[in-house]
Structures are given as structure tokens and as C-alpha cells.
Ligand code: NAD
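Just one chain is shown here, as C-alpha cells, and it is the form predicted alone.
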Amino acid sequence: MASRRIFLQQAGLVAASVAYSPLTLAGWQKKDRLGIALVGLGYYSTDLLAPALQQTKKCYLAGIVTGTPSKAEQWMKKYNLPEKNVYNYQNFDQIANNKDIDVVYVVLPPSMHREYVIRAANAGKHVWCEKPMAITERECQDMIDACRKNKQKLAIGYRLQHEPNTKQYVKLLRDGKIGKIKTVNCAAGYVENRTNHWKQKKELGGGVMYDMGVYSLQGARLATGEEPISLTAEQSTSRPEIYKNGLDETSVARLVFPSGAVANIRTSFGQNVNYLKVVGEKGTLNMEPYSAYAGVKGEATGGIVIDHPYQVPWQQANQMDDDADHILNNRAMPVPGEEGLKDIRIVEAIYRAAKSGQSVKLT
């Protein structure tokens, strides 16, 4: 009955109040922890983010947004969530009136990211958005603009940019330990056997380049420290009955950077691949796996070992604590919306290049 009451609520039933950010309200006492509301209760929220929020120190699970009444009932019971902190997609905007919730974490199919990031920002909440940020560069910019207009912080869920092994290899490359970067080879993929998930639906943001592809792009961009100026690409599928109407099961691309460095990236829903190999003028760096939830490790010329061990879901807890700490201390987000936009700009160019068979310039 509780879930039925929640899902029968209409927007006008809750007294209207001015949307505000609990962190900027005049006279408000600074919090030690932020209340997080997860929007969308699929696998990532259920199996990773919610358990991670039981480990975090700077934030905690305060609420949920779901379109499934049975899930609402289960989560309230499992995580002791009050009914007033449970929303559906119709009454979501009432979250503006809830002082328990400081951050809205959007964990929906990519086609829905723009709408719910903007609605959350308009409700006076800081926003974390899972990757890929959106479908188009224009959508990404709209999300950035909405958060800026409402004076709310926006972070993209690139867990690896908070991760110690990734931080170490990036610093190593920036410090010139292997010299000027010449080539980067990066791959991210796994065998995806689902047939009716959003990843297999173009209109929801499906296709491997949007999902796993951003990991290989991140590898290339983090390794070089640059943005590509041109690229070529090819896309294919070995299972056209699943990846229909040109939807990519596998994508490969060659990116050229201003320094002359070249990156060859690969991403697939039909192959288990996970590595980053960088060749410089004075040595090499190898990370394998480089984007897994745990076990990330590598080595570089000179006997350098990169191996900071941890268990799942430490990455997610670390990411959320780091982002929460930046909000609590009013610092710029380590992985802001602009970072997600840069990847989507390249993803769109890869699709254009694959379709045309021609090189695409990025200016």
C-alpha cells in the first residue's frame, strides 16, 4: 500500500516551495555527509552503487527514483528508506522540497540523461550522471548549461579518473617517464549476451561505442593528454539479429593528436578485451586490465609496477566520496560535465567516419 500511495501522488499534492540547494542556503550549517538519490534502479545501482553507498564516508543513500512500485517497496525495506524519499518519474520534480537529498545520481539509459539532469538541476540539486553523458554534444551542453544556470555542480561517473592505478599511470606519462608519446593502443569490451537491453536499442543510446567505447577513448585521451584532431573508423556486427539497423557491436578507430601521437582504439560487445599499451620515445607503459572494477594493474619501463589492490565496489565508493568531498568543500569537480562532452563529441565523429568511410576532422 505504501508503494501504491507513492505512485498515485500528483505533483500538486505536495505544497510548493522554492527550490534551493541545501549547501548554499543562507545560514545553513555545513553537512558532513551528502544525501544521494539514485535515479534508476537497474544493475549498476542495485549491484554496485547501493552497496558502495554503504561504504562511503562523505555521502549516503538517502532516496530513490523508480518507475517500478515493487522495487520501491524492496529498497525501502532493505535500506530503511522513508517513504517521503521515494519518488517516481512523474513526481520527480517534488524532490526540490526534500532537504534530505543533496545530490541526484542519474543512472538511466543515455537517452534519458539530458531530461533528468536538467530536471534535477532545476530542482536545486547537484547532479552526478553516469556515462555515457548523453547521445549528442548538444545534449551534453544543455546539461552543463542547466547546472551552471542553477548553480549546481555536475560530475560524470568516470570512476577510473578517481582510481589510484589510473592516477599513477597518468602522472607517470605526464612526468615524461617514457618520453614523448608515439602510439597508444587501447581496447575495452566484453561479451554482451542480452538481446533486449538498452544497449541493443539505438533510440535509447545503444551501441558499443556509447557504452564501452568511452573507456577506450578515455584511455587514449588520458594517455596523450590531448584531444584528437582527426580520426577514421569502422563499425561492424557479427550478430545482426541483435545489433540491428547499423547498431555497432564492434567499433575500431584511429585517432590522430596534435603532437603526432596516434591512438588505435577498439571496443566490442562480442569480445573480452581490456588493455592500454603506450609507446613513448624512451619506453613503454602497459596496463592490463586497465578499466575493470578491480584488479587494475600495469608496469612501465624502468621496473615501475602499478598495482594498488582493492575489492569491488571500492571504485564506486571512492568515486562518490571524492565527488562528495569536492561539493562539501565547494571545489571544482574532478570530472565535470565538460569531460563527458569531449568524449561524446568524439563518439559522434566516429559514427560519422564509420558511415562515410572518410577521415573526419575535429576542430
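All residue numbers refer to positions in the sequence shown, first residue = 1. This one's a predicted model, so the numbers in the text were calculated from it and none came from an experiment.
Here the subject shifts to the form predicted together with the named molecule, a form of this protein not shown in this document.
- Query: Going by a heavy atom distance of 4.5 Å, is residue 71 a contact of the named molecule in the predicted complex?
  - Reply: Residue 71: contacts the named molecule in the predicted complex.
- Taking the shortest heavy atom distance, is residue 102 within 4.5 Å of the named molecule in the predicted complex? Because no heavy atom of residue 102 falls inside 4.5 Å of the named molecule in the predicted complex, the answer is no.
- Task: Check whether residue 249 has any heavy atom within 4.5 Å of a heavy atom of the named molecule in the predicted complex, and answer yes or no.
- Result: Because no heavy atom of residue 249 falls inside 4.5 Å of the named molecule in the predicted complex, the answer is no.
- Consider residue 126 of the chain shown here, and say whether it contacts the named molecule in the predicted complex, taking contact as heavy atoms within 4.5 Å. No, residue 126 sits far enough from the named molecule in the predicted complex that none of its heavy atoms falls within 4.5 Å.
- Query: Pick from 253-261, 192-200, 117-125, 161-169: which stretch has a heavy atom within 4.5 Å of the named molecule in the predicted complex?
  - Reply: Result of the contact check: 192-200.
- Among 86, 107, 181, 265, which has any heavy atom within 4.5 Å of the named molecule in the predicted complex? None of the others qualify; the residue that does is 107.
- Task: Tell me, out of 309, 51, 334, 42, which residue has a non-hydrogen atom within 4.5 angstroms of the named molecule in the predicted complex.
- Result: Residue within 4.5 Å of the partner: 42.
- Query: Would 113, 132 and 215 all count as contacting the named molecule in the predicted complex, using a 4.5 Å heavy atom cut-off?
  - Reply: Yes, all three are in contact.
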